[in-house]
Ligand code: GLN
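One chain comes next, on its own, written out as structure tokens in the form predicted on its own.
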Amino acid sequence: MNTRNLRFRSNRVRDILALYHEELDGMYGSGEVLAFGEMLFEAFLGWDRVRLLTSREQTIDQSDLLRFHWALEDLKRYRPIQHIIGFVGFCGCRIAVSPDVLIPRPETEEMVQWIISTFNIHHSSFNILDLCTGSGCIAIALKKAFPAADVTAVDVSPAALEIARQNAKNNGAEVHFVEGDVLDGVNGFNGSYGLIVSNPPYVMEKERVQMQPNVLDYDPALALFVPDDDPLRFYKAIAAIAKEHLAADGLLVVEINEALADETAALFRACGFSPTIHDDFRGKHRWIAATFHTHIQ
């Protein structure tokens, strides 16, 4: 396939970027398309932002040009950029993703960074339990932040756990992965945990119409949706698990649906916890941190 067939004016860097903007700005916005270019040049050619800025007149070979062509076609089909390059950065870790796992979001990363900066450093040797782990990003980031901690991560999907195990290996993080359904209470682990964390499914079925194609068509429905008539089903299960396995001075942190923040907090309060709602960088209710009522300071 020659350059003419690829629709690029040439194999010059500036012409590649120009076509990306022409084809994609109307779909994503120029700022996001600029970020796509930076991510693709780094993934395909190992270029950082400085090199990309200073190499606009440089040309690339035909085989690399073909990769940019197919990436452009994928982006026009709303395939997530993270699936195209195969990974996403998360709390300093490189997390591989696929259609079998939810792509880690900046809001989840913010929640984990809050945990890392807030949680008592004297708990460096405690146990951590990550429920609905997906790609393993939360468990891996916490293990890297608290190397002495014993981290267990649970998911119902064997395919997701396979990716999570590989991510842990690639990031040098020792995490114990367990296949289990949170809704069934998760058997197979005992003891108490100083930290229990989860980003469970919380998108109501009726909210599908509000979702972008790059999420709806590519993220696994298993990791996203809950029934409209029982949207807090995972939080009920997590509360039950936490009541049994959270240490007396432990912390429970869960990502939430912003539209159900008050209802979710009320659920945990009714189960004996003292919940606090936290907002993300967009000002939306995004996670709840909870302790046992009897340990409120």
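Quick caveat: nothing in here was measured; it's all calculated off a predicted structure. Residue indices: 1-based, along the sequence shown.
The following text describes the form predicted in complex with glutamine (GLN), which does not appear among the structures shown.
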(message) Can you tell me which of 80 to 88, 149 to 157, 203 to 211, 168 to 176 lies within 4.5 Å of glutamine (GLN) in the predicted bound form, counting heavy atoms only?
(response) 203 to 211
(request) Scan V186, L72, A96, A223 and let me know which has any heavy atom within 4.5 Å of glutamine (GLN) in the predicted bound form. (result) A223
(request) Tell me, out of V182, A145, I163, V215, which residue has a non-hydrogen atom within 4.5 angstroms of glutamine (GLN) in the predicted bound form. (result) V215
(request) State yes only if every one of D130, I238 and K243 has a non-hydrogen atom within 4.5 Å of glutamine (GLN) in the predicted bound form; otherwise state no. (result) no
(request) State yes or no: in the predicted bound form, is some non-hydrogen atom of N199 no more than 4.5 angstroms from a non-hydrogen atom of glutamine (GLN)? (result) yes
(message) With a cut-off of 4.5 Å between heavy atoms, is I115 one of the residues that contacts glutamine (GLN) in the predicted bound form?
(response) no
(message) Is it the case that M111, even though its partner is missing from this view, gets within 4.5 Å of glutamine (GLN) in the predicted bound form, heavy atoms only?
(response) no
(request) Answer for A141 alone: is it within 4.5 Å of glutamine (GLN) in the predicted bound form, judged on heavy atom distances? (result) no
(request) Could you list the residues in 84 to 112 that come within 4.5 Å of glutamine (GLN) in the predicted bound form, counting only heavy atoms and keeping sequence order? (result) L102, R105
